[in-house]
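Below, in structure tokens: the form predicted alone, a single chain.
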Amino acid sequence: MTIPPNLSALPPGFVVLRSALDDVSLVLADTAADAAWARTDHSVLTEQEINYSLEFDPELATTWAAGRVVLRHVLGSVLDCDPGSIEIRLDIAGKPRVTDCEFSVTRAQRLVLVAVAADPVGVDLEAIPEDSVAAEAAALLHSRERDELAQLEGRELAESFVRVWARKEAFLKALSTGLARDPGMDYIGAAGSPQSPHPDVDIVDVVNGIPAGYSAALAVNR
């Protein structure tokens, strides 16, 4: 099955990004800027989704709902159907799925990034953390990755850590395990290009179109 990159009907404020994986549709929305309408226009959401969002505190509820609005509009454009009519279900692992394609969605503060493909796909977008947070969280990585990061400090460490973490989460999402699989199990690396630990999974950094202060990665399981 091939999913065509039919993104001609995207709403205002959605930006189509290019990556090294041409068979993936990748869309970024800034819900504090041109796509701010997604924070208040919940017309495509189901009653269940609206009720679910209300279980969070107000800011998190708004962020979650905006992310689901963005996701539904991207899926509607790719699949050429009404965004509100798409049935999004959870599989046994709790991962959201639809019948006609594979997708992944990630949120980082005001930003929402969605990837759609024919094969299992994972995308992750992370804000660069405080230096101390990055230094502490590095303990969760593979021992070789920890050794690579141990040579760095300050902002360089934080930027390198979040690059590795985005690659790691994208990879684990493409495997459909998420963080149920120990992020320290697989080596992906902190170098300029990610190294996939699985022969069927391609991993790339997403650079073009990603705002300063963030890092993103994309993975496809073929």
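Residue indices: 1-based, along the sequence shown. What you are looking at is a predicted structure, and each value in this text was computed from that prediction instead of being measured.
Below, we refer to the form predicted together with a small molecule, which is not included among the displayed structures.
Spell it out for me: taking the small molecule in the predicted complex, does every residue among Arg68, Glu126 and Gly178 have a heavy atom no farther than 4.5 Å from it?
Checked in the predicted complex: all three residues contact the small molecule.
Of the listed stretches (130 to 138, 146 to 154, 87 to 95, 73 to 81), which one has a non-hydrogen atom within 4.5 Å of the small molecule in the predicted complex?
This holds for exactly one stretch, 87 to 95.
Can you tell me whether Trp64 touches the small molecule? I mean in the predicted complex, with a 4.5 angstroms heavy atom cut-off.
Because a heavy atom of Trp64 falls inside 4.5 Å of the small molecule in the predicted complex, the answer is yes.
Closest heavy atom of Lys173 to the small molecule in the predicted complex, within 4.5 Å or not?
Yes, Lys173 sits close enough to the small molecule in the predicted complex that at least one of its heavy atoms falls within 4.5 Å.
Any of the heavy atoms of Arg107 lying within 4.5 Å of the small molecule in the predicted complex?
Taking the distances in the predicted complex, the answer for Arg107 is yes, it comes within 4.5 Å of the small molecule.
State yes or no: in the predicted complex, is some non-hydrogen atom of Glu169 no more than 4.5 angstroms from a non-hydrogen atom of the small molecule?
Residue-level check for Glu169: yes, a contact with the small molecule.
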